[in-house]
Structure formats: structure tokens, C-alpha cells
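Just the one chain here, laid out as C-alpha cells, in the form predicted alone.
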């Protein structure tokens, strides 16, 4: 058993024994015996099922915004990217600051298979991650590490940005034509928490229910702009897409634009609203 697992279990047992939280959202070994999956620990005995390894990919802050969980005092295990997501939700006042964030120093996440073992490369987000210690957590498990060198977070965009507008349009048309409109991307995203999604609104109807290129374009474009200045780059939307649409590229491009124009990175401060949710008279975007 790793020191991280021992530390997580000890902290969760303490929180539950003192009734500091009603339950803790963490990870357990999945039914495939290989990858971790979300787990809710309600008792000190259940805390012994918690694990943490390089397959703990899910962003567990998604569970904090579910309507049935609002009002509960919850503990949640967070990686650095998940902690940034939690910071965005706090800035948007999605719940009182009574959530207990159990931060875990993250070694990087892979997507293992039964045959692949531990040898697979880290996920794309982890290959450019320069933050291995969760920011602004209440409890830290693991030894805080010096942050790595500043990496090019947007190198993956270079081939697409080098294309003409027509080439990029053709690329995304091809991608969106494969979309099933299953909404897995929306369901896994912590920043998608509207009680009624625009994609399902009927009065007015923003997006038709037909699964077609035009409707798919509109759904993904609107969702992407809704996440501008709010996406923290966990790339869970891309991971869960059943037809492997590179949704992380869309969100990464918007993150780059927000950083360049507003010098803002989502999830760094809970006392600052995302720039596209605010208006300042002195701001000039030099769009002329």
C-alpha cells in the first residue's frame, strides 16, 4: 500500500469519525481490477476501500454540483486540476465553502488496460502539467513538490493553428459529423451544471434535436463558449467521448485566448470571477 493511500484513508477516517463531513467522494479499484472509479465512503470502515494511483482520472468535483447533493457537507479527493475546478465552482458560488478538499500530490494519470500494465504514457493533459501539488486544499496528502518547469500548455494547438480557416472548418465538420449527441462530454464536466441545458431547452429552442452536422456544430460551439475562462483543462470531456472527438482542442484554444487577452487562468483564485462574466470600462481588446 502506498503512502498516498495510507494518508488518504487516515484523513477520511478522521473526518468521518468526527462527523466533519457526511461522506467523502474518492476512488476505489474498479470492477476490471485495473482502473480506479469513483467511490462514496460513508463510514470509517468504507474508508479502507479508498485508493489512489495513476488511474484516478475522474474529476470528482462533478459530484458536488449535482442537485441532490446540494446542502450536504462533503469531503472530496482532488488532484491539482480537480482543485482548480473546485476553485472555479467556489468563485461561482455553487455551494458554501464547507466542502473539505483532500488534495493529493499527483504523479500523473494514465489510462491502463488489462494488457497494457503500467507502461502507457501519461494522458495528454499530464504531459504538459506543471502543477503537481493541489492549490488551495484543506488537507494535503503527500509531500508538496516544487513545481516543474513552465511547459507549453498549447503546443497541441500548433498544427491546427497553422491551417487556414477553411482547413480548420473542414476538420471540425468531419469531427462533429461523428457526434452522437450522447452528451457524455457535458455530463462529465464539473463546469456544466445548469439545471436546464441549452441543448434541451424547448422555449426557446436553441438547438434542434436532430443529430446532424449543423446541430452538432451549434451544440459544441455554444458549449465551448460557455466554458471560456472557466475550463481548467482536465480533458475529461475528450476522454469519455465514445467517438473520440478531440474536444480538448476546442477548450484549449479558448483557454489560450483568455490567457492572452485577459492574463487569466481558470482555477487560480476563488475570489475572482472569470473575465467573460465581468465587465470593466477600462478593458480594450484592440479588435479594430
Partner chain sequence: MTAQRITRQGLLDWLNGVAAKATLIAPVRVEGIYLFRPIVKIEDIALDYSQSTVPPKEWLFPRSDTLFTIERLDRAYELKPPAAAGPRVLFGIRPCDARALAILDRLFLAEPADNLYEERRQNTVLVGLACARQQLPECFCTSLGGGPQEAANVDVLLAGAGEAYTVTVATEKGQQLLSGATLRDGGEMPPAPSLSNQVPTAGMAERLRLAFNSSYWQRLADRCLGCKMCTYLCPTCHCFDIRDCDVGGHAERVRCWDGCQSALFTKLAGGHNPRASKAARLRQFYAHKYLYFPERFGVTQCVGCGRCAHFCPVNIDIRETLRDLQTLEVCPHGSGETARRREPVGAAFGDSRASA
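Positions refer to the first chain, counted from 1. For clarity, every value in this text was computed on a predicted model and none was experimentally measured.
Just so it is clear, the following notes concern the form predicted together with its partner chain, a form of the same protein that is not shown.
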property: Residue contact check: residue 239 to its partner chain in the predicted bound form, 4.5 Å heavy atom; result: yes
property: In the predicted bound form, residue 179 touching its partner chain (heavy atom, 4.5 Å); result: yes
property: Touches its partner chain in the predicted bound form: residue 124 (any heavy atom, 4.5 Å); result: no
property: Interface membership of residue 230, its partner chain in the predicted bound form, 4.5 Å heavy atom rule; result: no
property: Proximity to its partner chain in the predicted bound form (heavy atom, within 4.5 Å), stretch among 210-218, 124-132, 81-89, 158-166; result: 210-218
property: Listed residue that, although its partner chain is not shown, lies within 4.5 Å of it in the predicted bound form (heavy atoms), from 152, 143, 98, 205; result: 205
property: Stretch 11-35: residues contacting its partner chain in the predicted bound form, 4.5 Å heavy atom cut-off; result: 28, 29, 30, 31
